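Coming up is one lone chain in structure tokens, specifically the form predicted on its own.
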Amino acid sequence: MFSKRSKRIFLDHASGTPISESVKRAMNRFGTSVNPGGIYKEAVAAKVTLETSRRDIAALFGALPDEIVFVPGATEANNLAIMGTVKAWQDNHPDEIPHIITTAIEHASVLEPFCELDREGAEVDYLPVDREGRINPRELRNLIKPNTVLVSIAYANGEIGSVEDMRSIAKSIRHARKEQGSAYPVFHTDAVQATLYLADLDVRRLGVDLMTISGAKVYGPKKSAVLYLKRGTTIIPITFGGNQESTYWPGTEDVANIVGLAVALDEARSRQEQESDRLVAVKDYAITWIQDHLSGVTINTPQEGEVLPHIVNLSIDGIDHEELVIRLDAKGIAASVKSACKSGEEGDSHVIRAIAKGDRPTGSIRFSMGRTTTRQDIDRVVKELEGIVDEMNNTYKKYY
């Protein structure tokens, strides 16, 4: 058991980041959230603050203010993007079947809406990925048909850290639109994991129509997110009530959370290059130490091409990875076995299964680092990991 005086090492930042002190201060300065829909003084001030935050966030991503829709979280944003796009198309094509495309390694908040639409009769294609978790844009182009309504592909994967070639994907979609003389398919990306660390998040250069961003992954408030909705892109609301957020997400805006989100995103983008470079060095150090000290290790995080700098995902032969995470927790180290949104489900990660191609272990453990992670932390993690794996192997030999 780790000493109570020992620093607890948190290595699950891909699941959620702590709120930064600057975000806390900004939210505290704003004070109690007031309904910005009123016409009294405090409400008008709240509305001004809301719209200022909208403009500030839009500027960070090369968007227009009216292209920013505030929603309570990334799951809600992904559902609105996917379901809202398909439902709008169905309203105008009542006798046709929509076709939608995603990948085999998306987050649950993308895969589940696709499953629901499949149950409702939509045609669904799941693009395969290579061993590094990336699609082939040519395979995407071959799947697009006249009734293809939506392509949803995450910019970066939060389990293994792979990054997609967004411009090539957007190019394939533009060519399909031109050939078909259509505004479809719409291109949506879940950029939740990309926001902290990838340099290019300009929506025009990326060529996306819809993009999801979350405060929970950028040291901002947990229940805060943005859906970028390009002008001219047609979606319809999937929840109903008031006229807030141009009716796309009805309900009183939480202005304090939105202020915190704006500050967190500004801070994230200003620190992106420096923090990415720092974490690349820490990650490389971790991978080298793990490979040097443990046998039977497969590094699932891509070693080539663009990769998120803070994720190390690995599999160890013959080890129960859930037990490994529990034992690490007892030593004061927090890690994960799969995306937190899928952690209650049995079985190995669908992402690792997709890249393993059936010929290697699909159990895995993910270490995702953050602003407080140091090389000294990695030294302790690898030492504890080595000892725990030896203990587990000896136990298995004893009983089996």
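The shown structure was predicted, so the numbers you read here are calculated from the model rather than taken from an experiment. Note that residue numbering begins at 1 and tracks the sequence as displayed.
There is another form of this protein, the form predicted together with a small molecule, and it is not shown here; the text below is about that form.
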Should the three residues G73, H107 and D190 be counted as contacting the small molecule in the predicted complex, with contact defined as a heavy atom within 4.5 Å for each?
yes
Under a 4.5 Å heavy atom criterion, is H99 part of the interface with the small molecule in the predicted complex?
no
Under a 4.5 Å heavy atom criterion, is H321 part of the interface with the small molecule in the predicted complex?
no
Contact of N78 with the small molecule in the predicted complex (heavy atom, 4.5 Å)
yes
In the predicted complex, does K217 have a heavy atom within 4.5 Å of the small molecule?
yes
Counting any heavy atom within 4.5 Å as contact, can you tell me which stretch out of 191 to 199, 111 to 119, 296 to 304, 134 to 142 lines the small molecule in the predicted complex?
191 to 199
